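As structure tokens, one chain now follows by itself in the form predicted alone.
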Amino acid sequence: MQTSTSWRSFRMAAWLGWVIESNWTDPFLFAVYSIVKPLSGAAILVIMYGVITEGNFGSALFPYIYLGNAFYIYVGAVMTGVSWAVVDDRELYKTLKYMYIAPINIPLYLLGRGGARFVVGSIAVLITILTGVFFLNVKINLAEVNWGLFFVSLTIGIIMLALIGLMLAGFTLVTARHEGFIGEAVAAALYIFSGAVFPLDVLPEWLRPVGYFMPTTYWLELLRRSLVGEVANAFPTLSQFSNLEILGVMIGLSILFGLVSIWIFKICDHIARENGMIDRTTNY
């Protein structure tokens, strides 16, 4: 019975999230938006790189940066998607209180809402990578891709991001003002400290430990290595570690962050219930 309720909570939330994400316009405009948005973000990065390096797109640095930026789309989509569900339901639709009295599992409901963002994010990631391969000389040899490492890393990383999003959803529950920016602020900070577009070695030495403590750092490294192993291994930050060592560190940190996230959400959820914050809108 509990398993049935949990699966129903997740499945229906994912469907609801997809309807909300895709129902603001007609299918054609939504498809155009899904293509233009990721390409616009990638274009900004490509232009900046071209200006700084004077058009040196043949360097190994370019696929390192480009793929890191492409997969980082998942961070904003999944992590922010879970936490933003609280803002949507409490502030915009004013339905969060009804979700709490419905026979569903609230954490799984929020994770399901993030699942819809995962689908939209996957479309953006795929479009960005294909554009790089066909038009920007990002060389990915499908015969040499480590598919096992890729899918294992991707799956663990998405679960990790969703659980961190659950923690941010907890903070959102007990935040009265500007709660809508929590997910975006954390995603922006991780962009700097996860080696998404540059190795951690370029950071000041006293800031590097922050990056080494983030599971997203090892997640992005494994995704790069699985697709373009030799290029990713050429950068010094984690070059001394093998794939299995990095995978082990990522799994350990993901478990740690996941347990802490669940614990923090339970505390915030209890505070929100006790203080009547479930249906308290800010109107701001």
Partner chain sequence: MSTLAIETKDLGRIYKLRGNKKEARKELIALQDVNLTVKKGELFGLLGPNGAGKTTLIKILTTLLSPTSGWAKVAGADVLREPDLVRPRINMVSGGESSGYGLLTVRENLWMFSQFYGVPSKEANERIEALLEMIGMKDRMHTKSSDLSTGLRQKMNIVRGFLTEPEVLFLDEPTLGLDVGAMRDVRKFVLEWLRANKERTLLLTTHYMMEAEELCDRVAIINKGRVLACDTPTALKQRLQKDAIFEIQTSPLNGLSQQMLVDQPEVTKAAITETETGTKLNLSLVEESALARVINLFTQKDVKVMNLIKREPTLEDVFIDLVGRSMAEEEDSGQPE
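Numbering follows the first chain given and starts at 1. Just so it is clear, the model here is predicted, and its values are computed rather than measured.
Unshown form predicted together with its partner chain; subsequent notes refer to it.
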property	result
Selected contact from I104, I156, V133, I123, since only one has a non-hydrogen atom within 4.5 angstroms of its partner chain in the model of the complex	I104
Options 70-78, 136-144, 161-169, 106-114; stretch whose heavy atom lies within 4.5 Å of its partner chain in the model of the complex	106-114
Exercise: S261 in contact with its partner chain in the model of the complex, heavy atom 4.5 Å	no
Contact flag, K97 vs its partner chain in the model of the complex, heavy atom cut 4.5 Å	yes
Exercise: V19 in contact with its partner chain in the model of the complex, heavy atom 4.5 Å	yes
Contact label in the model of the complex: F213 to its partner chain, heavy atom within 4.5 Å	no
Residues within stretch 261-278 having a non-hydrogen atom within 4.5 Å of its partner chain in the model of the complex	R273, E274, N275, G276, M277, I278
